[in-house]
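Heads up, the chain below is alone and in the form predicted on its own; it's given as structure tokens.
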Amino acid sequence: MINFKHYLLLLFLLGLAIFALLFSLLSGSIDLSLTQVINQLSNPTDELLSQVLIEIRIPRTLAGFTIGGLLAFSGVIMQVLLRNPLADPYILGVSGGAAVGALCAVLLGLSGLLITNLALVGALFSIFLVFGLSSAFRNWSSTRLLLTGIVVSAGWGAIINIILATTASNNVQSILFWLIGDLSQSEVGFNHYLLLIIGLIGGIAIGRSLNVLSRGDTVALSLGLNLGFFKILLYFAASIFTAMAVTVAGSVGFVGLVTPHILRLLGARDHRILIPSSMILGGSFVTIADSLARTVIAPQQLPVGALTAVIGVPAFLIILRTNIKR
């Protein structure tokens, strides 16, 4: 049931998102004021500042917020689909498939967009591999899907370790930064924004069905939900969202795991509120973490995945302790 507190929560999250976006635009090796940003966007007079804003900070800020929103959406869907509070966007091996695809592209001497495309191919291959092995399109089982995903993910991890251990290429070693999660070379396109909007609208539209599914398969079937089709839809939706995020920024951890739990503790258990709230909070989380990653030891930069893990680990432990007390 949506109530006034939910709208207050959404209002707070929108304020947090505005703060995160402004913090990202103002932070970096060159400190800017809000007045400078407004002046440069409305009437650019300083070529250096305009270049920093338009070519570096704005694309990176939008990339961080978009990636965070995609991962948070996927995390909510995975936790409902697998009925597992520890489920996150990478639990079914999508990130491992993308990483192997990117490493293969580097080994072939490819660069730029070709690396991203092969990473996407690897992620999509992993999606169909896990689904095909776990169900064979007949005996669908969330438990079997989860176990298959874990095994496939471990297999991808072994392949990645073998490639890194047997290759002396500097390019391959640089992929390590991307594997942790990195936004320094990231730039999202129209398809990412479109996917984010589809996830927001679609997630709200299926919110009631997600509420029913979260109560168990028996309840969902008794209320007339087409369980088989709905679960397949959720699996592919969450996997595609994760694949698009991973190919842009690598494995940015803890966003899809922690964000939904924080919001559930704040009372957002209805998925019509939980999904938009998670997307906003996830985007703000990654944006703020990326801003800190490029300012903490400036001019050097940290991978944003390291910062999200540093923040996410204690946050999850606090959530766990709170749930145990309850």
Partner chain sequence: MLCRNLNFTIRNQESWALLGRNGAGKTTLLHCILGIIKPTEGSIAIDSVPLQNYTRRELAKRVGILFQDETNSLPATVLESVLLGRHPYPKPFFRDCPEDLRSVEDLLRELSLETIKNRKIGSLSGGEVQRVAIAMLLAQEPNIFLLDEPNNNLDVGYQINLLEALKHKINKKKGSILMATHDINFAARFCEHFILLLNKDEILIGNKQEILSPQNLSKAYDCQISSISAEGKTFFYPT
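Residue numbers count along the first chain shown, from 1. All of these numbers come straight from a predicted model, not from anything done at the bench.
The same protein also has a form predicted in complex with its partner chain, omitted here; what follows describes it.
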Assert contact_stretch over 149-157, 91-99, 124-132, 223-231 against its partner chain in the predicted complex, heavy atom within 4.5 Å, equals 223-231
Going by a heavy atom distance of 4.5 Å, is Val212 a contact of its partner chain in the predicted complex? yes
Hey, in the predicted complex, is Phe4 touching its partner chain, heavy atoms inside 4.5 Å? no
Against its partner chain in the predicted complex, would Ala205 count as a contact residue? Criterion: heavy atoms within 4.5 Å. yes
Quick check on Ile198: any heavy atom within 4.5 Å of its partner chain in the predicted complex? no
Looking at Thr143, Thr166, Thr218, Asn191, which has any heavy atom no more than 4.5 Å from its partner chain in the predicted complex? Thr218
Option touching its partner chain, based on a heavy atom within 4.5 Å in the predicted complex, out of Leu120, Ala105, Ala237, Val80: Val80
Relative to its partner chain in the predicted complex, which residues of 259-290 have a heavy atom no more than 4.5 Å away? Arg264, Arg269, Arg272, Ile273
